[in-house]
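Here's a solo chain for you in structure tokens, the form predicted on its own.
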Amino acid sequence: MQLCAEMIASDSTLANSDACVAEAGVWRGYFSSLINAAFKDRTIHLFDTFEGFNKEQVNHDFDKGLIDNFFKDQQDFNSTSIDLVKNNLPFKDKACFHKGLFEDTCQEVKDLKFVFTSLDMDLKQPMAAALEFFYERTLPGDFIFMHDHNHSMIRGIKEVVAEYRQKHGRLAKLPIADEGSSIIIVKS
């Protein structure tokens, strides 16, 4: 992520751009704090329920075999809040919080452009909505990070990417050798 931030920051064509950065699926804001630090001069939009997973979306993915029991029974990521995330951010004044289901809250920023976005919502429906939303609003040559693309317990993300490619055509994507089996999508 640091190298992507440096590439974007050094791009003279973006120097005066008001394009933003975003994270959808914030949980406690650890990655958000890194994005906020790397893009200290850009507004960061943070999307999450800040209350844990939506039970209907969890049940949908579980019933389809896209997630394991861990997500249904043991962990719903509800141990978070906007205040907790805000306390982790180095440049709190550059953060905008969007609380609720992504499919609803994304409309609050529908007129913005983005240079960097991190998607880490674990569930198929919100990840599909976020990829659709952010790809068309990402500036050419810039980046969308998708967490859990090849994760053994989260199988819906790979489907999201395949379905997006089938609908819209080729996606320029690169795998990252990280714990979350992430990919980077480069906007063409």
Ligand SMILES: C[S@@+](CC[C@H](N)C(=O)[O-])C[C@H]1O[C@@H](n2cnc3c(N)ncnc32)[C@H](O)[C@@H]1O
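From 1 onward, residues are counted along the sequence shown. Given the structure is predicted, the values throughout are model-derived calculations rather than measurements.
Below, we refer to the form predicted in complex with the ligand, which is not included among the displayed structures.
Asks: Answer with one of 39, 53, 134, 145: the residue that has a non-hydrogen atom within 4.5 Å of the ligand in the predicted complex.
Replies: Filtering the options by heavy-atom distance leaves 53.
Asks: Does at least one non-hydrogen atom of residue 70 fall within 4.5 angstroms of the ligand in the predicted complex?
Replies: Result no; residue 70 lies far from the ligand in the predicted complex.
Asks: In the predicted complex, does residue 95 have a heavy atom within 4.5 Å of the ligand?
Replies: Residue-level check for residue 95: no, no contact with the ligand.
Asks: In the predicted complex, is there a heavy atom of the ligand that lies within 4.5 Å of any heavy atom of residue 102, even though the partner is absent here?
Replies: Because a heavy atom of residue 102 falls inside 4.5 Å of the ligand in the predicted complex, the answer is yes.
Asks: Is residue 57 close enough to the ligand in the predicted complex to count, meaning some heavy atom within 4.5 Å?
Replies: Yes, residue 57 is a contact residue.
Asks: Which among 60-68, 43-51, 158-166, 137-145 is in contact with the ligand in the predicted complex, heavy atoms within 4.5 angstroms?
Replies: Of the options given, it is 43-51.
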